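Quick heads-up: it's one chain on its own, the form predicted alone, in structure tokens.
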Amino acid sequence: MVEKKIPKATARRLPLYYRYLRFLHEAGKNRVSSAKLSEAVKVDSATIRRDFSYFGALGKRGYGYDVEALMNFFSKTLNQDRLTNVALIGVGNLGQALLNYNFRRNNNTRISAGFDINEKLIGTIHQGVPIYHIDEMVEQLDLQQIDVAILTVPSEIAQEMANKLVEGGVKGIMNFTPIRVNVPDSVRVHNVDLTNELQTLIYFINYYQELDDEEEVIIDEETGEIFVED
């Protein structure tokens, strides 16, 4: 059990490390250096070493990291050794795409229940996932012991659905709506705004093109703030 408080930026990178370690393990690789890992995941070596240091001595100087041992460690850290059922709230276009995907490359995560108000969808099974009426959501969340939900509903009902998820005992919400929903401190929300992400990407492209070659851009890992040094 890790006693140290892990920075949020580090926590966000752990799945990235784990996925690449799985790739190496499946390719039959036994060890990897921080330099090779850095090149693959596009995170500098110093940051990787600092991230790993929060968990104790994971590698050996002059040897690098044992791929299988490190993969198993992060598997346990990320709860990859147990199945996590996820609820999908809203089975529209984006919801259907997520159902089709259904985290097929992750053996430990799956959408196990969908919820909507469309009578044509209710009572059907899509990609092996049963679709229930929204009114059944609180009951089903409890029955299926679902702690995590994906929210893909219209903006005007996002807060109402978030309230129902809280009532159903959900501990985490991945929110694809542009609304920032209000939940108790005990519930964690990750906001995924695809439009905002695209606009940010376009901004960065234009911003970097306008910088002089002599200027250095520094991005704060924790806050995302941008600093420019001459």
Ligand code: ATP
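Residues carry their position along the shown sequence, with the first being 1. Fair warning: this is a prediction, and the values are worked out from it, not measured in the lab.
What comes next is about the form predicted together with the named molecule, which does not appear here.
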is_contact(Leu143, the named molecule) in the predicted complex, heavy atom dist at most 4.5 Å: no
Distance check, Ala113 to the named molecule in the predicted complex, heavy atom within 4.5 Å: no
Partner proximity in the predicted complex: Leu83 to the named molecule, non-hydrogen atom cutoff 4.5 Å: no
Interface membership of Met161, the named molecule in the predicted complex, 4.5 Å heavy atom rule: yes
Heavy atom within 4.5 Å of the named molecule in the predicted complex - residue from Val129, Leu94, Val138, Val148: Leu94
Within 152-186, the residues that have a heavy atom no more than 4.5 Å from the named molecule in the predicted complex: Thr152, Val153, Pro154, Ile157, Met161
